[in-house]
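Consider the single chain below, provided in structure tokens and representing the form predicted alone.
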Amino acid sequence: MRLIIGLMFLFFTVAKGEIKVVTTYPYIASITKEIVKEKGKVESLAEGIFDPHFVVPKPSLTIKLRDADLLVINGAGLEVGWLPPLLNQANNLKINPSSVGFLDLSNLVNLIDKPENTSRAYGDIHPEGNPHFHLNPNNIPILADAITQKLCRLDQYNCQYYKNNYSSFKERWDSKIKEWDVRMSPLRGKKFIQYHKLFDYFLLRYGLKSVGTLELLPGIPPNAKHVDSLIDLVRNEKVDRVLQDVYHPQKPANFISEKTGVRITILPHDVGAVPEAKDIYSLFDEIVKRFTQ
């Protein structure tokens, strides 16, 4: 009887256009809002300034999950350290993994940097591959389409509305990609180092090369010996600049810059990581702007 009542409540909520979507990261929330618009409520668990690997599982996040009709996650192990206890506490059967109200976006794209060895001796690696796939702009319409399909499955009443919004989003996104392609084309072939392998998908998309990381190993901060080796790498490989994210310490990058003269470019990795990255469009606008300055 309790199950039947729960299903009736879900139908009523969706039929009234009040679907409640929770996402793990702001970029997913921004994409989802482009599809849902005024037909529901979309919230993100993490904030854009966070290290996406380490989100504090606060009780307020549990409350968001408790009432959700749909949970959309990045996947590829990015949330493995913080999302499971929240789901456990929320006790919402509608959004558990393998349920109809759960969507793992990592299953939709080709993941790069899949490790041959998953031993902890190689650092905090992701066995499934690099989880930062949303930073390839070509992947965004794929994710938006999957979110649209899932919304249609949960809310058939508003399905055509969601599909129309997706079509508008896709048209605008394709136009933006053409703009970004033109602006990024002069940088093709240039070499970079980054703190973490965060921007690999973006670099690969635009024919740029990542030749090293400030991390000694994934999740392991640099030591003096490693920093010295990067100084030699910058000089020998004619590295264009150091790519710095907003949540790792900038001191190692500053030291390398002082010793070599190489520039540092601070890049947002998610919506809200910097004030200018207000939504999924301006996130990529800002990344491209900072690359081409």
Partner chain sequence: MKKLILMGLLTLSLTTYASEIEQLKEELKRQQEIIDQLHQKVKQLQGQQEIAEKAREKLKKLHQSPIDKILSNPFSQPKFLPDLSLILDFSYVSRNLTDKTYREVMIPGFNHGFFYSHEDHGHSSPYNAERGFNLNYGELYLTHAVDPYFDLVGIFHLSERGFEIEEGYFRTRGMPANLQIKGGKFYSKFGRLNQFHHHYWDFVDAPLVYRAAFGEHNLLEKGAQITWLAPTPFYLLLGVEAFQGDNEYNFNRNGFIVNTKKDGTGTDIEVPDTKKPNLYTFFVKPSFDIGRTSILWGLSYAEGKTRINHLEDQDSPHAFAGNTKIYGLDLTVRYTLDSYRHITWQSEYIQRDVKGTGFGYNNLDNLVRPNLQREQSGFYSQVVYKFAPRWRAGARYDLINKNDTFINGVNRNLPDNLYRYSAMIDFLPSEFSRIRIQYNYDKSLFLQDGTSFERKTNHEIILQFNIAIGAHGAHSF
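Positions refer to the first chain, counted from 1. Just so we're clear, the structure is a prediction, and the values are computed from it rather than from any experiment.
Although not depicted, the form predicted together with its partner chain is the subject of the following passage.
Among 38 to 46, 224 to 232, 55 to 63, 252 to 260, the region lying within 4.5 Å of its partner chain in the predicted complex by heavy atom distance: Heavy-atom contact with the partner occurs in 55 to 63.
Answer option from V80, V211, I112, I142, heavy atom within 4.5 Å of its partner chain in the predicted complex: Result of the distance check: V80.
Taking 4.5 Å between heavy atoms as the contact cutoff, choose which of S167, Q160, N91, N107 touches its partner chain in the predicted complex. It is N91 that has a heavy atom within 4.5 Å of the partner.
Does any heavy atom of Q149 come within 4.5 Å of a heavy atom of its partner chain in the predicted complex? Residue-level check for Q149: no, no contact with its partner chain.
Is there a non-hydrogen atom of Q156 within 4.5 angstroms of a non-hydrogen atom of its partner chain in the predicted complex? Looking in the predicted complex, residue contacts with its partner chain do not include Q156, since no heavy atom lies within 4.5 Å.
Would you check, heavy atoms only and a 4.5 Å threshold, whether G207 touches its partner chain in the predicted complex? No, no contact at 4.5 Å.
Within a 4.5 Å heavy atom cut-off, is D51 in contact with its partner chain in the predicted complex? Looking in the predicted complex, residue contacts with its partner chain include D51, since a heavy atom lies within 4.5 Å.
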